[in-house]
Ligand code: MRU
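First comes one chain, alone, set out as structure tokens in the form predicted on its own.
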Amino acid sequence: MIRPLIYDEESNILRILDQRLLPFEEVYVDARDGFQVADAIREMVLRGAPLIAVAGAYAILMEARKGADIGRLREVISALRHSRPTAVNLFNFLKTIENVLHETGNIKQRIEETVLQFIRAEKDLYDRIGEYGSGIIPPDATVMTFCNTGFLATIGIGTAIGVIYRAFQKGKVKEVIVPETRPYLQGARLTVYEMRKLGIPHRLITDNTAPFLMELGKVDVVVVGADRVVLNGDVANKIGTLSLALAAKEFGVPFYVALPTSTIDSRSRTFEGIRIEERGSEEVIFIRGNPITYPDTPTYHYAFDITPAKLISGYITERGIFRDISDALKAL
């Protein structure tokens, strides 16, 4: 597997795989400080809620190793917090770092310990998510996923793709259905890339084909990732997830969400007051720099939608599979 992040300890530089160029080019860009990491997140050089949090952790580590004072660290934290507003993993990590800044003693050492402990814990999560989740995949299954949730979105095998890959290793997956994921085409560009690297049979579809395939009985189970889950179980994920969940409910297809518990927003009961990211019109109007309509056409471009808990069959986490998301927080 290609690594989406490579931290060079000697030079204190974070090398970031530019996912905007995939699947045709594998190019790394160098981030030399925390602000450059924040820029890379905002410009979608990297994406995926778990990977964004790890990149943020490396941003703080780089700054600490440069000798940044608390004022500079707070500026970097602010830049990271404003890079993308909806995915919660990064915010949970930054809250932990802010708590460290209030401690006494060797702050630099405590920051390094906190960051490295967080990254080690992240590396261990995804095999457990995959192993638990593989149990919900029936034999000879056609599995539908959405957006991109594999080794390009995490520092492991992934969340939903981790589940699919582990089930594939057990001989349970016949084929993976990959919706393109307009407008940024994470499915067509990134998930298809991952499927090829992992040797998993797959088929690309337009997003609006997905409900019809369910109606035809061609989908056995849907497994998606998440960018934020609140305590009532509602899920913010890539725009289009809600459509899949509604179709799955209508046609009796199990619909699961795979996530590390760091994706749970334990401070929010609902999505009221949480900003759902809106991005620029150019991502809708242009594909690879080529306009598909008049450049001045007004758009709605929400990056995420919210899927109600009542549409979700279960939550697959590193602590097990749960029907109620709050149980995942209680599990040890």
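If you're wondering where the values come from, they're calculated on a predicted model, not measured in any experiment. Residue indices: 1-based, along the sequence shown.
The same protein has a further form, the form predicted together with the named molecule, not shown here; the description that follows concerns it.
- Contact annotation: I285 falls outside 4.5 Å of the named molecule in the model of the complex, judged by heavy atom distances.
- Heavy atoms of K249 never reach within 4.5 Å of the named molecule in the model of the complex, leaving it off the interface.
- Interface membership of A49, defined by any non-hydrogen atom within 4.5 Å of the named molecule in the model of the complex, is confirmed.
- The named molecule is not drawn, but in the model of the complex it has no heavy atom within 4.5 Å of R166.
- None of 95 to 103, 201 to 209, 237 to 245, 74 to 82 except one has non-hydrogen atoms within 4.5 angstroms of the named molecule in the model of the complex; the exception is 237 to 245.
- Of the residues I306, I274, A68, M44, just one reaches the named molecule in the model of the complex with a heavy atom at 4.5 Å or closer; this is M44.
- Looking at 141 to 168, the residues that come within 4.5 Å of the named molecule in the model of the complex, counting any heavy atom, are C147, N148, T149, A153, T154, T159.
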